[in-house]
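The chain below stands alone and is given as structure tokens, in the form predicted alone.
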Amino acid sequence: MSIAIPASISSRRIPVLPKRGQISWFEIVLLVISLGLVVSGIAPSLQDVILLSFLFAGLGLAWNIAGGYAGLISFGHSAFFGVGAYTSTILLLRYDISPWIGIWVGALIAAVFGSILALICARLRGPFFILSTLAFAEVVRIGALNWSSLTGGPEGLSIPPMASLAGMVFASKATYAALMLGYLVFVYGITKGLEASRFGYYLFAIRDNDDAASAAGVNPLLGRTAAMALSAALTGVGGSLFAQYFLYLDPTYVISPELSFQFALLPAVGGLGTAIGPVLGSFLITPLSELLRSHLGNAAAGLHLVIYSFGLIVVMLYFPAGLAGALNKLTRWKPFS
């Protein structure tokens, strides 16, 4: 004798593997493991790797809102990162405004920059849009380098290394790790909510076929502008957290094409257009990059880049849909059906 389970009850069952718009057991276990890494007493060098993995996972998620969901492949997100970092730092050093407030001011200014970029360039397609984002980031970088009275120019800005809760400077790396994990969870929650919302479906429609979306009553320019503004704001928050951890801003790094490429690389490896993809990409790439650099940088300069690049090639060849795509294939197995 079998008992029929109502569809309304079975539909509320938590899925094992990641699913669009729903929290899965996989994500819950990943969060528990991340919390365990934060509270465990591990070596400071490994704490650096862990908190950077959390930070770049959040930044990859922020980029994915524009690049993965709205189809705006941007190589200029380091501009928003730098705007957020410089805004909170300048407010702290010049006006003694706490970074807890400055971080949101930086996010707002970054959102304005993102909106302007989208309004001007979102009508461009393919490589033309990508080049426009690169040019935009270069303009911001040159501005930071030459506006010495505000940004410190090539010398950058330094935050006094005095532990203070109001100044968002902590003596313990575990506290920074908890802060970066909080940022990751915050951006991840926004991403999962976006996936299940009507606006999220608008973005998917715009990405796949903006002409069809426009015919169905969706405004592609408005959707892309909103997506870029949200993506830029969340990237600006990450930039402020970066500044508070390293306590120094160098415009040649915080507003650089290399950093923009890294933001895009994480979703590409983990799974473009998925929430879990940038997280998996960061948890793979960031530790690999940091550990190879620390172990091989002095003994064999440049070898870590060769191994790192080879690993990325292997992932892209055998998992063209990213690590998230590999997880989705597991859902076809009978135990997960």
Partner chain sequence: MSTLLEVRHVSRSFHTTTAVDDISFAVQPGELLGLIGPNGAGKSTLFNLIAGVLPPSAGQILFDGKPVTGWKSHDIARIGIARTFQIPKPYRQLSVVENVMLSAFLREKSLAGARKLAETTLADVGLADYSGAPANSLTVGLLKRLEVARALAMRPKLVLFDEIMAGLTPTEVGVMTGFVAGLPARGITVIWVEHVLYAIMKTATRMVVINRGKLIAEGAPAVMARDPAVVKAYLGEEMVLA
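Positions refer to the first chain, counted from 1. Given the structure is predicted, the values throughout are model-derived calculations rather than measurements.
Only in words, not in the display: the form predicted in complex with the partner chain, which the text now covers.
At a distance of at most 4.5 angstroms from the partner chain in the predicted complex, none of the three residues Gly36, Asp48 and Phe54 contributes a non-hydrogen atom. Interface residue remark: Pro220 is counted as part of the site for the partner chain in the predicted complex, having a heavy atom within 4.5 Å. Though the partner is left out of this view, Asp208 does reach within 4.5 Å of the partner chain in the predicted complex, counting heavy atoms only. With a 4.5 Å cutoff on heavy atoms, Ser197 counts as touching the partner chain in the predicted complex.
Heavy atoms of Phe136 never reach within 4.5 Å of the partner chain in the predicted complex, leaving it off the interface. Interface residue among Leu165, Ala216, Ile120, Met162, judged by heavy atoms within 4.5 Å of the partner chain in the predicted complex: Ala216. The listed set Tyr188, Phe75, Tyr245, Tyr202 contains one residue whose heavy atoms approach the partner chain in the predicted complex to within 4.5 Å, identified as Tyr202. Only one listed stretch (104-112, 189-197, 91-99, 75-83) carries heavy atoms within 4.5 Å of the partner chain in the predicted complex, and that stretch is 189-197.
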